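Here we start with a single chain on its own, the form predicted alone, put down as C-alpha cells.
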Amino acid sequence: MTLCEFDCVSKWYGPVIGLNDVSLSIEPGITGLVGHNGAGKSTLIKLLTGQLRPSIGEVRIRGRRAWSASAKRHIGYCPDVDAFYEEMSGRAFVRTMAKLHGFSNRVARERAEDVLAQVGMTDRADRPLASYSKGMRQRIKLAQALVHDPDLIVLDEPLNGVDPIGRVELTRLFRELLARGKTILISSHLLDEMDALANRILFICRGRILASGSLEEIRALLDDHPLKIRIATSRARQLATRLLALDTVQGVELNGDDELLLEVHRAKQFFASLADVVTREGVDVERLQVIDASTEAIFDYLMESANHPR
C-alpha cells in the first residue's frame, strides 16, 4: 500500500486557489518540496497532515483519509512556526506531546529522552523554551515530531535558523532516519541543501506541481534549459573554435589558456556532438563539469517558464 497519495486534489480559499488538481505520491526516501512564497507549499503540507480538508479530491495516508486520527498516527510534523508553552522546559514539552499520543508516563519519558538525544538536546532540555535560540527551538520541534516513531516525517523549513554545525548534525539525523526506513518530506527555501539531501524534488508554482523526480530526471525533461559547462583542456582555443560552429552552443568563454565556459541547449545533442569533435580533433579533455545542474538552477528555470509561458 502506498504510504501517501494525493488524488486530483484542489483546495480553494474563497475565490483563491491554493492547490490546483494535484495528483502525486510521496515515495520512500527524502523528497524536497520547493516553491516561492505563495506557491502552494503550505497548503499541500496542511492537506497532507490533516489540518485542512481538500475542496475536491482525496489525500490518503496508508489508505486512510489524511484528516482521520488513524492516518495522523503515521505522521510526524515539524511546523515552520513556533507554538510552544514558553514557560515549559523542552523536556517537559516533548514528554507532554508523547502523552498526547497515548503513551504511559514511563513510556513517554523513555521516548522523550530517546528523541532528545537524537536531536542533540539532552543536556539543554531542562531550560525554559522561552530562553531557547531559534536553532534550539527547531530541534525541540523536530524531537516532538519523532516522539511517536512515525512512518512519514513532514518537515517545514527544518533548518531555518540553525547554525552551520547544527545543519550538518540535523542532515546526518535525516539520513539516519532514512536508513531506518522513514519517508521524509522537507519543504525548504535553502535550495542548495536540497541537492545534498533530497533524492526527489517536487517543484510547485501557483498551486500546481510543475515537475517531480530526481534532478537528473527533471533535467532530462528540460532539453531546452540552457546548460552551463566547464571544460578543461590544453587546447582550449582550438576546441572553442570547433564548438562555436555547433548550433547547440549558445556561447563560449575562454578562461585562461586551458579552460572553456560554455552555454548550450539541447544537452543530449550537444554531448553527442562534443564527443565527435573531441575524437576527430584528438583533443585531450582533462575535466568536464556541468556547473548549474542544481536544484536552484532548475527551480529558476521552471519558475521563469511558469510565469512567462511561451
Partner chain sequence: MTSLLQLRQVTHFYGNVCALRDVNLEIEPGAIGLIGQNGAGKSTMMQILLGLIRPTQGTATVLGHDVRTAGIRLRGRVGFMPERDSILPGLNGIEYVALAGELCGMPRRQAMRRAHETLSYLGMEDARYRRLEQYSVGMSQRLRLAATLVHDPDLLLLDEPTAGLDPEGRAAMLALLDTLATRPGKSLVLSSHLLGDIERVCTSAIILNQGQVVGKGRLDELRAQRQQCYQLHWEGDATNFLAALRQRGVDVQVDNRRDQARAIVPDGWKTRLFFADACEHSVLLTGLVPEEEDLEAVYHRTINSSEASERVAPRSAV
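Definition used throughout: the rigid core is the maximal C-alpha set that superposes within 1.5 Å between two forms. Model, not experiment: these values are computed from the prediction. Numbering follows the first chain given and starts at 1.
Note that the form predicted together with the partner chain isn't included here; everything after this is about it.
Participant: Does the 4.5 Å heavy atom contact test between residue 56 and the partner chain in the predicted bound form come out positive?
Facilitator: Outside the cut-off, so no.
Participant: Heavy atoms within 4.5 Å of the partner chain in the predicted bound form: does residue 230 have any?
Facilitator: So residue 230 counts as contacting the partner chain.
Participant: In the predicted bound form, does residue 276 have a heavy atom within 4.5 Å of the partner chain?
Facilitator: Yes, contact at 4.5 Å.
Participant: So in the predicted bound form, does residue 289 come within 4.5 Å of the partner chain, heavy atom to heavy atom?
Facilitator: Heavy-atom contact with the partner chain at 4.5 Å: present for residue 289.
Participant: Who in 131-147 is close to the partner chain in the predicted bound form, meaning a heavy atom within 4.5 Å?
Facilitator: Stretch hits: zero.
Participant: Using a rigid core superposition, assess whether residue 56 undergoes a CA shift of 2 Å or more between the shown form and the other one.
Facilitator: Shift at residue 56: below 2 Å after core fit.
Participant: Just checking, between the shown form and the other one and with the core aligned, does residue 276 shift 2 Å or more at the CA?
Facilitator: Yes, residue 276 moves 2 Å or more.
Participant: At a 2 Å cut-off on C-alpha positions, does residue 239 qualify as shifted between the shown form and the other one after fitting the rigid core?
Facilitator: Yes, residue 239 moves 2 Å or more.
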